[in-house]
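The form predicted on its own is given below as one chain in structure tokens.
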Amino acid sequence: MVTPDRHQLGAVAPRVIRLAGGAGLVALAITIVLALVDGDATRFFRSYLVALLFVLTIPLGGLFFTIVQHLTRAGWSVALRRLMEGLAANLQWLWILFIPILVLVISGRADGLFPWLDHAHHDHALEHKAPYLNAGFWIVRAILFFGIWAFLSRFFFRNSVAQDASGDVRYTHAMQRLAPVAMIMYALTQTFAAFDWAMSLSPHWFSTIFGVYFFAGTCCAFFSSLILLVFFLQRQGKLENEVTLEHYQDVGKLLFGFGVAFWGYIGFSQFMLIWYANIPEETTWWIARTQGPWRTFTWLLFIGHFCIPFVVLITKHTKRHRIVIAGIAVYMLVMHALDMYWLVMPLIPDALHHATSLQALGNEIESDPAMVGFTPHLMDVTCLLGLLGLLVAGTAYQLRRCSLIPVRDPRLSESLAFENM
């Protein structure tokens, strides 16, 4: 039974907006001060890019799963769908956070972040990639990506909310008709965004499944965030009857399947194929991440992002205990943040090109970890918390005036009666 007084944010919304938004702005101010003291603009923008990618993956996952619900005409998830739409709706304004990166590229000072922007080089490989990796086309693609994401998130959110008032089934049909095209648009834009904003940091390196790896991380971030959002709302007395342990279990299954098992499978597949082929252009990216201090990070991700949650989440009992699954969700978000850090921060050392052996290179990196980009800084944390605070405030803002569930969706009754067993 749907209880109207318990599926509105009400007074919770302004409180969250003030606290999360204020904390986010304070954390960003601290980050700027730390960056000015440090004096290394490239180091700041790498921290900023890590935080931006982490925050961006959450609404992107929300958009993906919203599209999936309409594509498959799912009924079990209807009670959760408005929260997915609310998270995805942040894509209508998140482009603002991308402006600093965009300005850096337009100014021509981003070659420390994206080496392919340095037109003074005489690199044969990069010259062949220049028709794709050039500032003008890169900027056009970025605008296109954000434009498509904003349009899709707005379309699904507005149609879903409009149905709350009228109950007209034509809104459901409209969303179902767009879903197949939307999924294709989503898959292409997210894949190429991953290439442009993460893989092109090491422009000589390439991986055909890098976009899939990034997508798996997106699923990890979104399903973890969805669990925490539901948990928070129920602690505030919202959705206590509408979202049950059955829904927790299914979202936990998806976190296990996509965010743990699939992420581990794609990560290992990428490593194994590159290791087996042993092609110099492909191994450099992995060499930087398996030498010196980054070797510890690589093992930490393998054990912490795959092995531990695989064992913990494989049973239904952890997925059906609200506090336990919420704790696991927090843990997985931390692992996902480390994953984004591991993707962006390492540098391919110049010493690699004249190393006589892998052992000799490893010894050189151990004596100077900065040559592979290992320079942890407090602004890595403050920047991440700053953008995350803005995302939390943005989500509360999107959901502040609408029902937390699609109250007149034709499949809502199926979701309210859903049982796993």
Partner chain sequence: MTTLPIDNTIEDPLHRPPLVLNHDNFTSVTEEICHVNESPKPPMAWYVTLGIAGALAGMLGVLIMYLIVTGVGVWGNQNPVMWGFPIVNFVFWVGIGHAGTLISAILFLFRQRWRTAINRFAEAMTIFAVICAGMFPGIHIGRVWVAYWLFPIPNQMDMWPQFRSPLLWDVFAVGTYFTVSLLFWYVGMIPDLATLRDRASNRIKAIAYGFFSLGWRGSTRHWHRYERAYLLLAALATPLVLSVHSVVSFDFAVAQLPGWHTTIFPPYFVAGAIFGGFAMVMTLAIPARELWGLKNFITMRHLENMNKIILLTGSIVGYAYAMEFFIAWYSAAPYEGFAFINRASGQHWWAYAIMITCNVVAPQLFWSKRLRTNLWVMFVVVMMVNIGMWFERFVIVLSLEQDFLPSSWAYFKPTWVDLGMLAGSFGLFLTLFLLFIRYLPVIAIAEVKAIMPEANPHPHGHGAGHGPDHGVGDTEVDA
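Numbering follows the first chain given and starts at 1. Note that the structure is a prediction, hence the values are computed from the model and not measured.
Unshown form predicted in complex with its partner chain; subsequent notes refer to it.
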To verify the annotation, which of these, Y331, W342, F206, W95, has a non-hydrogen atom within 4.5 Å of its partner chain in the predicted complex? F206
Can you work out which of C219, V243, M199, A110 has a heavy atom no more than 4.5 Å from its partner chain in the predicted complex? M199
What I'd like checked is whether T42, I106 and R322 together line its partner chain in the predicted complex, meaning each has a non-hydrogen atom within 4.5 Å of it. no
Although its partner chain is absent from this view, report whether A351 comes within 4.5 Å of it in the predicted complex, heavy atoms only. no
Find out whether any non-hydrogen atom of C307 is located within 4.5 angstroms of its partner chain in the predicted complex, and reply yes or no. no
Against its partner chain in the predicted complex, would G21 count as a contact residue? Criterion: heavy atoms within 4.5 Å. no
Do A162 and its partner chain come within 4.5 Å of each other in the predicted complex, heavy atoms counted? no
Note: its partner chain not shown here; in the predicted complex, the stretch from 96-104, 222-230, 310-318, 292-300 having heavy atoms within 4.5 Å of it is 310-318
In sequence order, the residues of 125-150 that place a heavy atom within 4.5 Å of its partner chain in the predicted complex are A125, H128, K129, P131, Y132, L133
